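In the block that follows, a single chain appears as structure tokens, in the form predicted on its own.
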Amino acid sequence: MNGDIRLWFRKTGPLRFTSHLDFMRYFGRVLKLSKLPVWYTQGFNQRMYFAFGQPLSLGMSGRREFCDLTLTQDVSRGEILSSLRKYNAQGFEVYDVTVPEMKLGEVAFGEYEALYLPQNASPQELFGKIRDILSLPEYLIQKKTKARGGFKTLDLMPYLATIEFSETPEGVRAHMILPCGSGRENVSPKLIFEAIRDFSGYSIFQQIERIGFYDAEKESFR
């Protein structure tokens, strides 16, 4: 493989509590130690070039994350994977490498699986509260904007209505596909969790994992 490649990896376990900036530093060190012929930017301050998809929020696992980079020499797929796996930390695994078929900017949706564990209520009670939310005509929140100190009003109901909720013996599971990406209305799973927590009034522990990406046509990102 030569030229542009896309690395697919998992970020789980202890690494889910690593900030995106710290994870980028770690990933850069892994690439350097691997001795792969990664392309560097030109100019006075040269640096290894690699670009991630949407950053993972702190505490969130990722099952199908990706990173784009460019190789300056031909290296086999097997060599790429074996070189990187030598330096896997606990919770980090590069499991595939492909040639990009879509551009990074085509990411339009993220797919997530969440488990909400109520600490002071039963799963049945929490599920009932969620059904109560879904019966509302709207659910308005104040969402932070990129402007410093800025907020705007957002109706979460169009997004809540698309989520598949199911009651389990331990809590409530949720499968959701939410908009993300540059130039779009990003709706984080954190906003969904906060809406459920605040409406219910319960203390809730959340486990969440991003499991994939889609383009604007809901085609799996590849």
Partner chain sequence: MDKRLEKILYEVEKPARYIGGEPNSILKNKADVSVRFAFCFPDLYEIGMSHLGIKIFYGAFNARPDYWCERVYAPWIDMEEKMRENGIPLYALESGDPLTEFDFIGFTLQYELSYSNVLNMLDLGGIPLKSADRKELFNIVVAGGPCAANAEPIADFIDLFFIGEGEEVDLEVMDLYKACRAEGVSKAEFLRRAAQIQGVYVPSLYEISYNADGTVAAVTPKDGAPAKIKKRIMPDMDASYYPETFVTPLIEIVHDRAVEEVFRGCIRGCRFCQAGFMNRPVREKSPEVISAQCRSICETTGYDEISLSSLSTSDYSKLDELLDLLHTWTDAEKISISLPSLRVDGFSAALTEKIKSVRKGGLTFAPEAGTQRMRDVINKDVTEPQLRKTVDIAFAEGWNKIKLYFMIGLPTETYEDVAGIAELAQMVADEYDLHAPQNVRARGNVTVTISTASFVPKPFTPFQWEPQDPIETLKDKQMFLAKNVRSRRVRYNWHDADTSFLEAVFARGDRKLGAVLLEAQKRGIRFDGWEQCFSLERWLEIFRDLSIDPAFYANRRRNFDEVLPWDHIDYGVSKSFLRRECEKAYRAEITANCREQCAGCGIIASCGKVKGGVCP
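Residue numbers count along the first chain shown, from 1. Not measured: the values here are computed from a predicted model.
Beyond what is shown, the protein has a form predicted in complex with its partner chain; the following relates to that form.
Contact with its partner chain in the model of the complex holds for all three of 17, 33 and 89, each having a heavy atom within 4.5 Å. Listed stretches are 126-134, 68-76, 98-106, 81-89; the contact stretch with its partner chain in the model of the complex is 81-89, by a heavy atom cutoff of 4.5 Å. Remark: residue 158 does not count among the residues lining its partner chain in the model of the complex, judged by a heavy atom distance of 4.5 Å or less.
Although the partner is absent from this view, residue 185 stays clear of its partner chain in the model of the complex, with no non-hydrogen atom inside 4.5 angstroms. The shortest heavy atom separation between residue 142 and its partner chain in the model of the complex exceeds 4.5 Å. Residue 22 belongs to the set of residues with a heavy atom inside 4.5 Å of its partner chain in the model of the complex. Taking a 4.5 Å heavy atom cutoff to its partner chain in the model of the complex, the contacting residues in 200-222 are 205, 206, 207.
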